[in-house]
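A single chain comes next, written as structure tokens; it is the form predicted on its own.
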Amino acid sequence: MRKQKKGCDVPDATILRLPLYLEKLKLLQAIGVEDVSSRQLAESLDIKASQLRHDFHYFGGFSRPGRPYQVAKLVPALEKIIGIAEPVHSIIVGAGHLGQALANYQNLDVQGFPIKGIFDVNPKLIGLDFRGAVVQDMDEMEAVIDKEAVKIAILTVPAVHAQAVTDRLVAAGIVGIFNFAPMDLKVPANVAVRNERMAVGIMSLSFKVKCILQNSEEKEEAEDL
């Protein structure tokens, strides 16, 4: 197996598919599946087998041509590539409704992102406990980042405060920000940002719903002629 490219020069689309492959493989592993072909794995995710093999080619291919993938070996290999072979300590900044929902989301721990701190400026929220993680004052944030070697921050603060908080996170050593604030953050080149725009997502869904309904109406009108 070839080593992963040191430059990590992998297309974003491939990076987004890697967790899908891992999730499906873990499900197969849980029901006792030992080997899976590229065609079977690809079909289970509704993509082409050639696309899956092309994605895996960036990291060595994982099997010989014509041979199935060994699930027990592929799962840890993908975990290592994604960067979750060891837990990635994370924090949540913003303990409002969204921050609380994320703090209660057990899969963050299961998927390898244990929450080591939750922070807010609202004194009414400080002291609340979410699965063992207590909301702390923002003044404690940098110390926790340093003590727990935190690398990822989940940002759920209002847009008006997002950049100022981001600047503090970057200065404290955060390397990745999962941004739920509805604005683009300015960060240095050595910091990664993933924007999760729920409004954009639901509007995109609305467009697809509109098209489905429109096509259905047109089909009914054609049948009535």
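In this text, all values refer to a predicted model and were calculated from it rather than measured experimentally. Don't overthink the numbering: it's just position in the shown sequence, from 1.
As for the form predicted together with another copy of the chain, it is not shown, yet the points below apply to it.
Across the proposed site, 118, 135 and 165 without exception lack any heavy atom within 4.5 Å of another copy of the chain in the predicted bound form. Interface residue among 30, 198, 160, 171 relative to another copy of the chain in the predicted bound form, by the heavy atom within 4.5 Å criterion: 198. Contact annotation: residue 25 falls outside 4.5 Å of another copy of the chain in the predicted bound form, judged by heavy atom distances. Residue contact with another copy of the chain in the predicted bound form: residue 182 places a heavy atom within 4.5 Å of it. Another copy of the chain is not shown here, and in the predicted bound form it never comes within 4.5 Å of any heavy atom of residue 224. Remark: residue 95 does not count among the residues lining another copy of the chain in the predicted bound form, judged by a heavy atom distance of 4.5 Å or less. Only one of 47-55, 183-191, 32-40, 60-68 lies within 4.5 Å of another copy of the chain in the predicted bound form by heavy atoms, and it is 183-191.
Of all the residues from 67-88, those having a non-hydrogen atom no more than 4.5 Å from another copy of the chain in the predicted bound form are 80, 81, 82, 83, 84, 88.
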